[in-house]
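Here you get one chain, nothing else, as structure tokens; it is the form predicted on its own.
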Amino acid sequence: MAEDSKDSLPHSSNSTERPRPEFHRVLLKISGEGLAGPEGFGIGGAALAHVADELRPVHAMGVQIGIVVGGGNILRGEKFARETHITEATAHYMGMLATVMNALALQETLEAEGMPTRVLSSIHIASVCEPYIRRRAIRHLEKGRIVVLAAGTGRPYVTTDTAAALSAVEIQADALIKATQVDGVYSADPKLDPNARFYERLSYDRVINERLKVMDLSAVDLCQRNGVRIHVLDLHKRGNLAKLVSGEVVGTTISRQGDPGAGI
């Protein structure tokens, strides 16, 4: 895994043809479900190919991309501990190893599509990936490599949402993009409540105070304290990620300014 320059981001001979990105560096959070097969479990080839298709135009714009992956498509530590005699701490570590499996699958898929990628894990597994070191992660990003951050924070009882927020702050990302199964944040589950209101813009405080189901409140609080804007969008709608990075309004934006109509 030498830091050679041959897989660095290539320079186009006519860079004016590239759309001008809104962001220089982003942290994308993908849940394990976003990589699942058709049964909602395991790792699906079609799901991996879709993620690669969405990342390709963003990478081509020259945007530096970090990714935090979940592991719920393989194992959820808290649920697994409830159903077995395995202690919750151990079950959480098993869930972290599931994220490493997802990260390796994503790495192979992205590189097969011509996007140089490195997996950095908070749990040291030297045979298959690099250990997470902040400066190393940033150096890979600067060289145009997509960086997949695996194993959460490396400690139990902490979700990958919080790991994503922490990573976004550490690598100084312009935005944290949470790719979900719906097209943004609603006042209730839109699949269950036809009157659920869609929010185009929200403040951090409103998300926290109203306990809106976006991501862990500790993750939202961390982004608020460090001024990291959060974008929530539908992972499955083609072109969403490129549109957002190009400056279009996509999904829900969570920031200090929030929703002007809400008086916050």
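Numbers follow the displayed sequence, beginning with 1. Since the structure is predicted, the reported quantities are computational estimates derived from the model, not experimental observations.
Below, we refer to the form predicted in complex with a small molecule, which is not included among the displayed structures.
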| property | result |
| --- | --- |
| Non-hydrogen atom contact H231 with the small molecule in the predicted complex at 4.5 angstroms | no |
| Partner contact for S167 in the predicted complex: the small molecule, 4.5 angstroms, heavy atom | no |
| Contact test in the predicted complex: K143 vs the small molecule, heavy atoms, 4.5 Å | no |
| Close approach of G66 to the small molecule in the predicted complex, 4.5 Å, heavy atom | no |
| In the predicted complex, the one of D53, E33, D205, E200 near the small molecule [non-hydrogen atom within 4.5 angstroms] | E33 |
| Partner-proximal stretch of 168-176, 147-155, 109-117, 183-191 relative to the small molecule in the predicted complex, 4.5 angstroms, heavy atom | 147-155 |
